[in-house]
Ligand code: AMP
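Presented as structure tokens, the chain that follows is alone, the form predicted on its own.
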């Protein structure tokens, strides 16, 4: 056992907490999660405090840990405020308040010198007038809080659609973002210790289906033209926001024209590990989960990326036209060279993320061929 035995508290006990715990255990770090779901995936590999996020006894137990981190951004900030002064919380309440609210996040991005798509904040009926024209005539309406994986959002092409969509969201605070002509979507993570040490993850290319991430690939297309810029934008945010821990930025890659620079717009920021970087678990080298553990606990930290071409395909609850659940061809997935299955021990539900498959290959051509076969095996 390490003489400097450490423990990590996590607010949230879903699959991300499960994978954080699995990365922490080989480092000699014990993990405690506070999660109200009795079936929390992380309960299988961590001490599970089955209670609300603001439960005083649960928070007192987390305060006994070396540090506390977040599994997702929808944790009440009151929980972080209750822990303040008792235990380091990384990221902290100020960064969570910023990234869990889309309007505040976009305003903070611009304040850090980072470009976003045009947007208008919709908080009252009067805000609807002229909003669509202000973002270029077409856009995506998203709730300022809580929406994810295609939930709480609608594509908007007319003012009538904007009014109807806002009404369907019960007049919730929203952000109307303009549709931009991007050529691909990519993501990149940055980690920062309390001492200010920075490290970066790889640039990863992402493909979505029905608003949910379907496939992620490393290396990204034309990574050499965009990765340096992505790292600088991530650095700007991490330093301006005094990040402690890890956060992930999602980017739109715009067409810079022949010979011109390839501009990047930040779409969203997550104050945690990210679905797109699950492929770092099996590509060789440090994973994003170990990077977050190291950054939060102040352990030695370096840049992390796969050592081989790597891809990930999400397993999402799918059904046929009759509503009957569809399953992957499990035996064929297991037999595919370079494939490694990760299941979350969650009950099936349509549209729910149930697991993912990472795929590693010796070169780009082999990865493309194996990925095409894997896509065929997963509905």
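Positions refer to the first chain, counted from 1. These numbers were taken from a predicted model, which means no experiment stands behind them.
The form predicted in complex with ligand AMP is left out here; the points below concern that form.
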remark   = The one residue among 278, 294, 142, 272 placing a heavy atom within 4.5 Å of ligand AMP in the model of the complex is 142
remark   = The one option of 299, 180, 240, 183 with any heavy atom within 4.5 Å of ligand AMP in the model of the complex is 180
ask   = Looking in the model of the complex, is ligand AMP within 4.5 angstroms of a heavy atom from every one of 208, 211 and 267?
value = yes
ask   = Do residue 193 and ligand AMP come within 4.5 Å of each other in the model of the complex, heavy atoms counted?
value = no
task = Could you confirm whether residue 102 comes within 4.5 Å of ligand AMP in the model of the complex, counting heavy atoms only?
result = yes
task = Flag residue 252 as yes or no: does it have a non-hydrogen atom within 4.5 angstroms of any non-hydrogen atom of ligand AMP in the model of the complex?
result = yes
query = Does at least one non-hydrogen atom of residue 153 fall within 4.5 angstroms of ligand AMP in the model of the complex?
reply = yes
query = Which among 171-179, 122-130, 285-293, 68-76 is in contact with ligand AMP in the model of the complex, heavy atoms within 4.5 angstroms?
reply = 171-179
